[in-house]
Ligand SMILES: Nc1ncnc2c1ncn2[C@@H]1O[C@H](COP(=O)(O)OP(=O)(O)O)[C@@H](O)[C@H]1O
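Presented below, as structure tokens, is a lone chain in the form predicted alone.
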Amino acid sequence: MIPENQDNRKPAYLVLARKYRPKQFHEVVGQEAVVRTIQNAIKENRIGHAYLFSGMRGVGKTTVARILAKALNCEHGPTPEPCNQCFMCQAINEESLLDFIEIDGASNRGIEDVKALRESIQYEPMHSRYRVIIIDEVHQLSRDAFNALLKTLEEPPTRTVFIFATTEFHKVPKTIASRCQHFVFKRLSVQQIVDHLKFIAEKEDIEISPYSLKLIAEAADGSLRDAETLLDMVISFSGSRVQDKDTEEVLGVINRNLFEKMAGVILRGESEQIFPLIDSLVTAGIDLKYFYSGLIEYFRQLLLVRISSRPENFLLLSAEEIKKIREMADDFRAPELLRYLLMLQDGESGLRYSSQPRIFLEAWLLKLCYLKELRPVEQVLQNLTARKPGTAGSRVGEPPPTSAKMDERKHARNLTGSRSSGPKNHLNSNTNNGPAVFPDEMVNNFYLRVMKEKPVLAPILKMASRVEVNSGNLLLNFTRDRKHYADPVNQSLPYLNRLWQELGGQAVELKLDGEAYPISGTAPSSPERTPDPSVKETSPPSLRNFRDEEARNLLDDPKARALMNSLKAQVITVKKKNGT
């Protein structure tokens, strides 16, 4: 027995994704290029026999396929915009037209299904202008099914249009794709989804904030259908007045107060608060990687509010939220906020692949807290400019020394004799007999030139016990136990003098324990000698004083000296030819 009030029942609820599904081309959101191309093809009667629509889920592939079927079969067409009023348009909307076939490729993927389809379309359309066959998720068809369909696409039946839709274009055989007009449906932007959700909310008389709409749009990840489904869920939870906290709870979104609190701790350098905050996130079961992504977005908002004069054009936030962000951002300069943002981005990949994400996150956020202790470059340069000559040993970024510290340094210099009041400049005392260091810029450049031009001589210079500059003269002092290092330096004095004069100095002097180096009157004037391969080796003489008169005459010969200079030779031994 049928109840009396059965005919008075309320109609079944239609979800928002179906209720607001576009029925005409102008209602399609975010696919202007595809829609315009199809409409122009219809206007010019350039209708293809096969179309392939690819793109992510929920961006309008099947919807546009249905609108195209209505545009081709409308009683006022073919028309770029179906009327949705005639019998053909209504029949396609209700899926009752025999010449309109929509197949799910996932459940009809076998070769037998394709053969049955081929048999049903071998005749011309019975009621409509075009027979339209839509195969959704066409990539699900088997290989044999694709092969069976290939012949049909090569020789399509009269007035038959195939429309394939797929979310995985790379799985469609190239032989199929090459026979279709391929249209790529792009991912929708957050702003496009927000605008459409706002339109639906106004139609449904739903009160919802821009922040909640932004959360839904971001959670939809470019899919308009997913966004409409999520909006349906939020409305079911909150009713006609949607609260932001309800949206966050339904979507599992982290409360903005957590990002605000963490950002404040980092910017104020309160490192002791990092561990309790991270512990509260772990206790609440919040995904640390998801939280970190939200923290990056929050710092982006801080930077945007600090730089932009109209941040409301870029941030889908309420005026109150923007005001709170501005209050925090005004205490910092834009370069500082940019530094924090870039460092947060640098740590994202490390957190993603870390085997211990909690420890990594704690350490990285502590590092951000300590950024506050870094000094601006301007302050460092100002400190360097304000330093006196007596503070040359100060570290970069160190504040100017107090008078007590300067007295201590002066006393230490007097004890060590590292710097005198006269014109003599002691650059290195080297009391520990270690390698010499050259802090003076001119001497340092001198050493770098030697290292570049004569790499064998450079480390020998560093064995000097003291390096001094006195009235433009470079004094190299060696101890007696290092006389063997002084010998090759003595041989290279002409080269060293020439190089020192090029750098603006006067002359290079060599000493042993502060006394003049004993240079023989027959010492070669050029350090660059070359051995003769045709002579036999005898006992090697001193590199400074050759007792052999013939050897001395040979080395003093201008031609021999010129040859050794051109070859950059150095005297190693003295040999006699044929044993004479």
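Keep in mind it's a predicted model, so treat the numbers as computed, not measured. Numbers follow the displayed sequence, beginning with 1.
Absent from the display: the form predicted in complex with this ligand. The rest refers to it.
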Note which of R306, H196, R109, H139 lies within 4.5 Å of this ligand in the predicted complex, where distance is taken over heavy atoms; exactly one does.
H196
Which residue, R118, R300, R326, R225, has a heavy atom that falls within 4.5 Å of this ligand in the predicted complex?
R225
May I ask whether N445, R498 and A507 each come within 4.5 Å of this ligand in the predicted complex, counting any non-hydrogen atom?
no
Please tell me whether any heavy atom belonging to I42 falls inside 4.5 Å of a heavy atom of this ligand, as the geometry stands in the predicted complex.
no
Going by a heavy atom distance of 4.5 Å, is L337 a contact of this ligand in the predicted complex?
no
Can M56 be called a contact residue for this ligand in the predicted complex at 4.5 Å between heavy atoms?
yes
How about V29: is it within 4.5 Å of this ligand in the predicted complex, going by heavy atoms?
yes
Could you list the residues in 160 to 188 that come within 4.5 Å of this ligand in the predicted complex, counting only heavy atoms and keeping sequence order?
L188
